[in-house]
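Below, in structure tokens: the form predicted on its own, a single chain.
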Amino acid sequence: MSKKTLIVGNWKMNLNTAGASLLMHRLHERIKIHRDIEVVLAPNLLVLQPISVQIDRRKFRLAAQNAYQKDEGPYTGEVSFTMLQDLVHYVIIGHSERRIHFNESLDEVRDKVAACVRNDLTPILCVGETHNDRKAGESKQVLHDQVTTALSNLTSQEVENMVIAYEPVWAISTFGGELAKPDLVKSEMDFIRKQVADLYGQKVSERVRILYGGSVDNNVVSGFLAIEGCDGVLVGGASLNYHKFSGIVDVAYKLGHNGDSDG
């Protein structure tokens, strides 16, 4: 069974309610329904609810950018995965900005992944090494630790239904924005899939969706989507530009229909 190409737009800490609504309107105008492409938008938490009312669910699904691992309780200021159940399909977990700016540990990411699955939401687990990790030759070890710890409380069925995004920190514009070469990306994505295979078997590793994220825009996305085993992209800054983001969806559609795919 072929997997849908997954295009995820992470709006990060941008846009108030009016700005988010306007961007949603522009995206709705420009993005067509493609049955083999799934487009997911991750607005900030404050505007998730109004966007959930505005969104055309034939075209888009919603994701939250983060949540707290306890289902309820005296945790002032936090929002749980339980509270997100009626609003979103996906939650981004372990993004490098959360690991770096908010010191999210491997164990905390693991607990968030488990809470996400427990509440019938789909985790988009972000993993990736820093420039210093790569310079020290520790990329594989970092990826191994991030993947194996995050998945350690899941069943094989839960893993095959989740999404893993490979985001080399050194390729994200916030942290340097050095463009990653597709052959390097393929090597690391293959390594991530091997970690899943070692833990849960070959069949599960083939079914789990693995995305690439790291300064992706409409000009470079084709090189990453063409990688064998790449199931889509996680888009940051370009997702705030409706020309660029709709362009990414267009590229994904064209790539999928150069061969024998149907539309």
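Residue numbers here begin at 1 and follow the sequence given. None of the values given here were measured: they were computed from a predicted structure.
Below, we turn to the form predicted together with a small molecule, even though it does not appear here.
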Sort through 229-237, 24-32, 40-48, 54-62 and report the only stretch with a non-hydrogen atom within 4.5 Å of the small molecule in the model of the complex.
229-237
Can you tell me if Ala114 lies within 4.5 angstroms of the small molecule in the model of the complex, counting non-hydrogen atoms only?
no
Flag Ala171 as yes or no: does it have a non-hydrogen atom within 4.5 angstroms of any non-hydrogen atom of the small molecule in the model of the complex?
yes
Interface membership of Glu97, the small molecule in the model of the complex, 4.5 Å heavy atom rule:
yes
Consider Lys12 of the chain shown here, and say whether it contacts the small molecule in the model of the complex, taking contact as heavy atoms within 4.5 Å.
yes
Name the residue from Ser205, Ser215, Asn66, Gln69 that puts a heavy atom within 4.5 Å of the small molecule in the model of the complex.
Ser215
